[in-house]
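Okay, here we've got a single chain as structure tokens, the form predicted on its own, with questions on binding and movement later.
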């Protein structure tokens, strides 16, 4: 896919280049020590694993070397939860490290299907229109008006609690009144091809579906939050169990479609309370042949959804155009979210 050179100025946005947009993303990042301050898991271990997970995405470290380095520490820190799951590798087709390497470590030797037990069922239930696709999103920055309708639509669709917003619109003003311009950059989860959040998870709760969507098994997640600080885009959140009952009667009793009606209401102690949450491209809507809520609601028609593998699709053509670029390309994550300059 095409991209801009680092620092290239974006048309229609004076003195704003891709480096500036990457800096806006950096401002959304949490402080690792602050994020892990109230987590039982070892903070120093989490920071080290997160940084090295990013190195794996950048191709500076192999998945095998990664888990060989952290096997003993992860085994000590997470015990049985760690030992009973194969170690993930973002470089591997089946998302797990080589079996020969795994045999020398504390982890289980197996496939990702043995980890995400619902994966096979979810894929078999997926509509034929989505099972053979690689879902991607293209956002036209020249059309985004900064109305935040995508943020509101996402929150309403996914019933996210206070402090959790899968879709944010980063904003930055330039110039002085009355000569002022504004840069609006919507930021969902990037659904990376080489996601460090998958690599860092010590219990393989985060994994990538064949359709390109990075998913979380809420029943497996232990809430260590290592994936939050490993994400280069600040696109993951922790569910503390808060709700909007003070504003809307029985708001906490509403079931989120993202984790299914069969898992019961979102109550304290049940998934996904105490777990990490993120945008999933509204997978439940894709399976019905619908667009994600943010795409359907976009006032400026700035968001586009489709199959990146289909060279005839509009999304694939836009992602291949000379206007297209990805955020933080140097991270090696190869996002399935593209932007048009």
Partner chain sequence: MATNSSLFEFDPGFENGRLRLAWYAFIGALLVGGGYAMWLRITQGMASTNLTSIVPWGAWVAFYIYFVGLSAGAFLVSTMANVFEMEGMHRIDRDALFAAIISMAVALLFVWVDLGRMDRMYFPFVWRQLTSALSWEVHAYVAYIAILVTELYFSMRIDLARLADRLDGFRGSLYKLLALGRLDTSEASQAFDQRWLKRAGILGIPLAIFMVHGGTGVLFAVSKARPYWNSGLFPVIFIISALLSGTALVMVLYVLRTRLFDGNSVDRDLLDRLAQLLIGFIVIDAALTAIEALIAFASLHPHEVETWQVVLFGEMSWSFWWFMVGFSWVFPLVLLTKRSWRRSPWVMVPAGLSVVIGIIAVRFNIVVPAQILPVMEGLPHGSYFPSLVEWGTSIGIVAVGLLLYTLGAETLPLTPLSGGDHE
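In this text, all values refer to a predicted model and were calculated from it rather than measured experimentally. Numbering follows the first chain given and starts at 1.
The same protein also exists as the form predicted together with the partner chain; that form is not shown, yet it is the one meant from here on.
Contact between residue 328 and the partner chain in the predicted bound form is found at the 4.5 Å heavy atom cutoff.
Heavy atoms of residue 191 never reach within 4.5 Å of the partner chain in the predicted bound form, leaving it off the interface. Put simply, residue 302 is far from the partner chain in the predicted bound form: not one heavy atom of it is within 4.5 Å. Although the partner is absent here, residue 221 is a contact residue: one of its heavy atoms lies within 4.5 angstroms of the partner chain in the predicted bound form. Residues placing heavy atoms within 4.5 Å of the partner chain in the predicted bound form fall in a single listed stretch, namely 194-202, out of 139-147, 153-161, 97-105, 194-202. Distance criterion of 4.5 Å from any heavy atom to the partner chain in the predicted bound form singles out 275 from the list 283, 297, 275, 316. 170 is the sole member of 73, 251, 170, 81 with a non-hydrogen atom within 4.5 Å of the partner chain in the predicted bound form. With contact defined as any non-hydrogen atom lying within 4.5 angstroms of the partner chain in the predicted bound form, the contacting residues in 218-242 are 218, 219, 220, 221, 222, 223, 224, 225, 226, 228, 229, 230, 231, 232, 233, 234, 236, 237, 238, 240, given in sequence order.
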